[in-house]
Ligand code: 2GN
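To begin, one chain is listed below as structure tokens, in the form predicted alone.
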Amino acid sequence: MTMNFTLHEIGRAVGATNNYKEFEDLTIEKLEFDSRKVSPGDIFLALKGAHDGHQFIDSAYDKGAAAVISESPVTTGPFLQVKDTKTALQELAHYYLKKQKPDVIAITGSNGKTTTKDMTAAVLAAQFKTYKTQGNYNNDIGLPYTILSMPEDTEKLVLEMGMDRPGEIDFLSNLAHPKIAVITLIGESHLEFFGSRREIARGKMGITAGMLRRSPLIAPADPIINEFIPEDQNIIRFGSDKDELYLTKLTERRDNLTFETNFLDKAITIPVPGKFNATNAMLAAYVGKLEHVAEDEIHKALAEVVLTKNRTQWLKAVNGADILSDVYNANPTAMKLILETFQVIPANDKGRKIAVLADMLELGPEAPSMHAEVADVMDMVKLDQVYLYGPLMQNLAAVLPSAHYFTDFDALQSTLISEIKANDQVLLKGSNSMGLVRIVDALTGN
């Protein structure tokens, strides 16, 4: 991180209320709100979260912090006092964006936003100095921290925007002012907190709140968003061949897929499976086209893209089995899509196809029926074994008599370790908090 601010400049940007000019006007290059990450010369922000950062101010100074942003006076060293440290973080990020003026590309969606972010950043990096959201730092704390982590010479900033409550994306958009915005899909994520897909659509369309009218919004051809499209918004729809953007000639393989689009001359190959990832790559390619990245560079970037961990990746088990890990998050749309892909991929010689599915959370009252409906896409001729885990997966087990249903995690893990053979292919999919990543780690020896 190279913010290259002075302490007095930060004080002005966050509206510090103390007489901060009594302190030496130090140069600050990095902000941290985790005292364990503080390096000499950093400024430490005492953020109130699961733990109150004010309890770690002395620790931050001990690690070499040059100054602290706090909601109360500090006697240990230089400090900036503010009314609310989270607001100060957001104000400083907004100030940094206005100062450096990178083009912001904002990406949201119920599925695929992290993968689309990774692909878009890879495409833009072929021609521009590009920075992107690291991991899933996509909320009202993570996004401003991402901005403040951006190198000074960044030309294109690709920001992932997530939401778990109404109005969150409106706020993030007004903070970042995107030049281009992408919505990957309107699905069921956080349905428990929004009540309906219509309200999810309203929340996702908040990405236009900080955009100039006529700025490009790339969005699915889902009529559920139509009532929320601002007047004069330049909207580019994707989906079928009746829309502005679409896929043709899709070929799926175990480790990669190839497809054509209606706006590029040559076929694109990406090193990940899943027809949903073809759509994600198409969106990234179109952003590249809008930003005048050469077509050859778009192809090369997508062919070599590296995705954030636990997003649809093939791994090798210790015994040689192939593991398709997609365990970061789950909702009905995403689970059905990955099952369809897994079933299309040819089985290994003399090997079985095994699906391990865990609960999808935050779906609200419709959760039981949504779990049962996953059966609609499951081909029990192509799936040799199905293992289900969690109280909600009991609803799927009820309509799949051949499935093995578990309520005990350790029993599931030990069964899989003993049952999976060297030539098998194994899909693992479930919400992050269901812990399937621990089974992935156990199978792969991590």
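Treat the numbers as computed from the prediction; the structure is a model and nothing was measured. Between two forms, the rigid core is the largest collection of C-alphas that superpose within 1.5 Å. Start at 1 with the first residue shown and count on from there.
What comes next is about the form predicted in complex with the ligand, which is not displayed.
A.B. asks: Honest question, do 35, 331 and 334 all end up within 4.5 Å of the ligand in the predicted bound form by heavy atom distance?
C.D. replies: Answer is yes for this spot.
A.B. asks: Name the single residue among 49, 401, 40, 391 that comes within 4.5 Å of the ligand in the predicted bound form, judging by heavy atoms.
C.D. replies: It is 49 that has a heavy atom within 4.5 Å of the partner.
A.B. asks: Can you pick out, from 239, 77, 364, 167, the residue that has a heavy atom within 4.5 Å of the ligand in the predicted bound form?
C.D. replies: Checked against the cut-off, the match is 364.
A.B. asks: Does at least one non-hydrogen atom of residue 323 fall within 4.5 angstroms of the ligand in the predicted bound form?
C.D. replies: Residue-level check for residue 323: no, no contact with the ligand.
A.B. asks: Taking the ligand as it sits in the predicted bound form, is residue 137 near enough to touch it, meaning that at least one heavy atom pair lies within 4.5 angstroms?
C.D. replies: Contact check for residue 137: yes, within 4.5 Å of the ligand in the predicted bound form.
A.B. asks: Report whether the minimum heavy atom distance between residue 141 and the ligand in the predicted bound form is within 4.5 Å.
C.D. replies: Residue 141 belongs to the contact set for the ligand.
A.B. asks: Heavy atom to heavy atom, is residue 293 within 4.5 Å of the ligand in the predicted bound form?
C.D. replies: No, residue 293 is distant from the partner.
A.B. asks: Within 4.5 angstroms, counting heavy atoms, which one of the listed stretches 92-100, 228-236, 365-373, 340-348 is next to the ligand in the predicted bound form?
C.D. replies: It is 365-373 that comes within 4.5 Å of the partner.
A.B. asks: With the partner left out here, which residues of 396-421 have a non-hydrogen atom within 4.5 Å of the ligand in the predicted bound form?
C.D. replies: The stretch does not touch the partner at all.
A.B. asks: Take the rigid core as the frame of reference and indicate whether the C-alpha of residue 365 shifts by 2 Å or more between the shown form and the other one.
C.D. replies: The answer is yes; the displacement is at least 2 Å.
A.B. asks: Taking the rigid core as the reference frame, is the Cα of residue 244 displaced by 2 Å or more between the shown form and the other one?
C.D. replies: False for residue 244: its C-alpha shift is below 2 Å.
A.B. asks: With both forms fitted on the core, check whether the Cα of residue 338 differs by 2 Å or more between the shown form and the other one.
C.D. replies: Residue 338: C-alpha displaced by 2 Å or more between the shown form and the other one.
A.B. asks: Closer or farther apart in the predicted bound form, the C-alpha atoms of residue 137 and residue 331, for a change of 3 Å or more?
C.D. replies: Residues converge in the predicted bound form, at least 3 Å closer.
A.B. asks: If the CA atoms of residue 338 and residue 261 move by 3 Å or more in the predicted bound form, do they move toward each other or away, so closer or farther than here?
C.D. replies: Their C-alpha distance grows by at least 3 Å in the predicted bound form.
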